[in-house]
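Only one chain is included here, represented as structure tokens and corresponding to the form predicted alone.
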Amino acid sequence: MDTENPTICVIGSGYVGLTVGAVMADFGYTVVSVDSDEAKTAHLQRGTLPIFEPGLDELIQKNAAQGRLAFTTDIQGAIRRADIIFIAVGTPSTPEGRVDTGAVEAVARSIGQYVNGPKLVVIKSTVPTGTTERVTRAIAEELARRREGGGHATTEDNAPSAVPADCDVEVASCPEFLRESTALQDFLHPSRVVVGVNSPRAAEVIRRLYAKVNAPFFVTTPINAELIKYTSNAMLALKISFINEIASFCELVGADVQEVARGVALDHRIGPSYLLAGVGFGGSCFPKDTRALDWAAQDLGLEMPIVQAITEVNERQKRGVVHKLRGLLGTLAGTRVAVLGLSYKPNTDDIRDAPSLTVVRDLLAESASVVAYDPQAMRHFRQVFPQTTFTADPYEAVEEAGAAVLLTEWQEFRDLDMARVRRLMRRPVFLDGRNIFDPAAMRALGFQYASIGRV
């Protein structure tokens, strides 16, 4: 294995896989990105990304043009060519909320079937505790099967390949802490690089890979690294759910949650991050990882009521939007409601577990007419709610609306001419689900205005 100038294989071309591959290529390494989706891979080969992530398309196009980054569906060839293999495939939730690690396990089997020499396998996917050990075991089982004569066709003449004597494969956990919309910045300037390894040699190889990343390098065991990822996301989700509970309290007593949060944040032990009250969190990490941690605990016979409450409060926050609108309007039946923002956060097109999914579902259940606008996420949302009307801009969305609800704090919405919005609406009811507007200014414009945790 070349540890000085390794060739890297990244399996999985989602947010994490594409970011890892693009940045590693920009560091000067030769990177092959593998995905089983032929259509997605063909788009990537043409320089078209399947996701919206600021700056990522330019970085991928630059490194592909310079020959350092390539995309393929040939997992066999990529594994054999690589010195270091990153696993960055999805680990979605099962219907009940557990983690489906099937894709990770399938990759592990493929590595065992095709590996042709010493490799370091680095798990980037968010995985339950014990997954690194299970991946190691799966690879070893496939290698043993090949040694026993039931090998896998990995040679050009389709003959079963022999297992080289030096076929030493080590597996490490290196969880990623990227945030969608700031993925490149987060990769290059993280708060820490967490590495779970079973040997100092593997830690040193990964340390060299990350030499251009200026951040604390934290080396621990694989199981600790796996749990650090889940604990971090649950802790951040907890802060959001807690400030949303305080927001509900503020509404009952006439306090302002933003002022409360500012005062609390001055305590350096707490800080201001993730203390923004709103309609709840979404995305591919916080909801999924919180549910997964809860299920993992239950499987061990452990009750984690705080973790359970994170999810319960967040779901209540999403459902509360329509409850608030009903209180403002009396009835939603037949009302044209403009929904501004569909992605779970600004500067991404991701709608996974987005509050908009719950809000629109509840609006339609109340027989409201939903008209929506989002700068990036409408193409995804249309697949889920085709009965929603989509517009070319936010002003068209609010025209003749009986109510408007803002769910995503895109800069485009912050820059709206609210006097124009007021003139276009049939009834100026505005629910600000992200607290981006000043209540007094909105009421001065003639809006019947409501927000979260402010009166």
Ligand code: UGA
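These numbers come from a predicted model, not from an experiment. Residues carry their position along the shown sequence, with the first being 1.
Keep in mind the form predicted in complex with this ligand is missing from the figure; the text below concerns it.
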**Message:** Under a 4.5 angstroms heavy atom criterion, identify the one residue in 83, 226, 176, 362 near this ligand in the model of the complex.
**Reply:** 176
**Prompt:** Which residue among 275, 138, 172, 79 has a heavy atom within 4.5 angstroms of this ligand in the model of the complex?
**Reply:** 275
**Request:** Please name which of the stretches 105-113, 277-285, 68-76, 91-99 has residues with heavy atoms lying within 4.5 Å of this ligand in the model of the complex.
**Result:** 277-285
**Prompt:** Applying a 4.5 Å heavy atom distance criterion, does residue 349 contact this ligand in the model of the complex?
**Reply:** no
**Item:** Touches this ligand in the model of the complex: residue 289 (any heavy atom, 4.5 Å)
**Value:** yes
**this ligand contact in the model of the complex: residue 236, any heavy atom under 4.5 Å** = yes
**Message:** Please tell me whether any heavy atom belonging to residue 374 falls inside 4.5 Å of a heavy atom of this ligand, as the geometry stands in the model of the complex.
**Reply:** no
**Fill in**
Contact check, 426-441 vs this ligand in the model of the complex, heavy atom within 4.5 Å, ordered by sequence, gives 434
